[in-house]
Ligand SMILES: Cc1cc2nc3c(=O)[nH]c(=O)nc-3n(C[C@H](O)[C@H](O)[C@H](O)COP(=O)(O)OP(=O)(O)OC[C@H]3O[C@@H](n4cnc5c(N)ncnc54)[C@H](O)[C@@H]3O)c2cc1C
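The data below hold one chain only, encoded as structure tokens and taken in the form predicted alone.
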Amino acid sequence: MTTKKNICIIGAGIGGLTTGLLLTKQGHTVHIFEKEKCVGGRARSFKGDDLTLDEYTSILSKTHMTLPFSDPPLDTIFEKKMLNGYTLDLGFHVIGGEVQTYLQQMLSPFKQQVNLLGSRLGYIHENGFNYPFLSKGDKFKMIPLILRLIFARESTMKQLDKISMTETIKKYGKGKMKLVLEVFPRVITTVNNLDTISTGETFRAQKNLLQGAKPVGYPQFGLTYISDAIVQCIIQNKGTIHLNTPVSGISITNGKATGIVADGKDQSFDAVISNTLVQDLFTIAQEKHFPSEYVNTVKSLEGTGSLCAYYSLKHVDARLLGKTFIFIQRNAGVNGNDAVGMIDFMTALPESRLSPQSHYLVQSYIICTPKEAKTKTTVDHLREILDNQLHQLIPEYRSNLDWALYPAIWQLDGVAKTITDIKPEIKTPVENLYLVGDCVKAPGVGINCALNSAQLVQAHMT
């Protein structure tokens, strides 16, 4: 039996919203406080028609981003209203394909629906591309390893958590399997350095991929459509969302979270759940209430970075529409030496509704560290790599280009999922204080991690 509680959630990102919906379904009273005027956090999209230059740069600044490059210059893009008719994301956020089933299960009782466009992964090479990346013959050759992954116990996976992908590649990296083990762990974790990527975490994620499920998806109408659908469900369940209401403090007494301070007022709650960046926790919760080791560990956690690119094209080869391609750039001059990235044409489909008629929006990214995302010379080199990879797919893309934006982000995921960077548990050392989002220990990364963290909190509250 679940004891009904009065619960506060700080932050209306995907993790906070999903947690709010799951807890209202259990009958809890839920209040979500969001400092911005809209929901979605770092996983949100915006309409170009409604955006000014100052608003765009302000949004980027608030979400740990900058725009080092654009073509033409950014002020020209806004003066000529070149973004009108487009819906753009803040950063690159394709979604693990298995999320669609979970979202539908969660939203269908409320007659809400999010349509995910799905794609397998292709691979860009020097002479063009392969789609899909893994043929039936490739999978047949990998059957022994696939079976070992599918039937491996969690106890085995936990042992593999401490083994780096570099070690695993030395043992199993032969033929195309070597390329698979070089590329997919980087895509899964948004980290380039294989010395720090966990084999266990990689194999958990690769189970779905090697069994043939479409590994990536993107919501029709943009990422904000997911957040808006969840909001409607929360409202139907009598949850409350407070926009433009920053939380300035978490009240803690005798080792227990007892409420928050918002709008200058003390408000009491039975439980407090933070969906903010975990590294920012101690800006609203006093350090003295936590063990010093916990404080030092949380402050040392590092996120993931990337350089993104959004291209508006007047023409795209029909063979590319709806497909997603990965690539590996050797000797890219980044931590880990080689860099992996992705170019997505799901957003170029007319049914995505993300661009004006007869125009195509292509989004892409290349992985780097947060420090590299802030380094002008590094992101300049990464921009050239992205452009060259698109050229491999569309040799004439320059003649079809309307505009291009290249946002750099150093907090793509709140905490990098590596062997050395251990994400904190959802339950903090303070009683009744929990963490959700992509910063915590839950399956997957990014939006997948945020959704799964919400389920963990729901299970804990039951």
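All residue numbers refer to positions in the sequence shown, first residue = 1. Please read these numbers as outputs of a predicted model, since none were measured by experiment.
There is also a form predicted together with this ligand; it is not shown, and the following applies to it.
Colleague: Counting only non-hydrogen atoms, which stretch in 389 to 397, 66 to 74, 45 to 53, 404 to 412 is within 4.5 Å of this ligand in the predicted bound form?
Modeller: Of the options, only 404 to 412 has residues within 4.5 Å of the partner.
Colleague: If we define contact as a non-hydrogen atom of the residue within 4.5 angstroms of the partner, is residue 114 a contact of this ligand in the predicted bound form?
Modeller: Flag for residue 114 set to no.
Colleague: Mark residue 94 yes when one of its heavy atoms lies within 4.5 Å of a heavy atom of this ligand in the predicted bound form, and no otherwise.
Modeller: Heavy-atom contact with this ligand at 4.5 Å: present for residue 94.
Colleague: Check residue 382 for me: does it contact this ligand in the predicted bound form (non-hydrogen atoms, 4.5 angstroms)?
Modeller: No, residue 382 is distant from the partner.
Colleague: May I ask you to state whether residue 87 is within 4.5 Å of this ligand in the predicted bound form, using heavy atom distances?
Modeller: Residue 87: no, not in contact with this ligand in the predicted bound form.
Colleague: Just to be sure I understand the contacts: of 276, 312, 378, 237, which is the one whose heavy atoms reach within 4.5 angstroms of this ligand in the predicted bound form?
Modeller: Looking at the other structure, the residue within range turns out to be 276.
Colleague: Counting non-hydrogen atoms within 4.5 angstroms of this ligand in the predicted bound form, say which of 233, 247, 252, 83 makes the cut.
Modeller: Only one listed residue qualifies here, and that residue is 247.
Colleague: Let me know which residues along 7 to 35 have a heavy atom within 4.5 Å of this ligand in the predicted bound form, or say none if there are none.
Modeller: Contacting residues: 10, 11, 12, 13, 14, 15, 16, 33, 34, 35.
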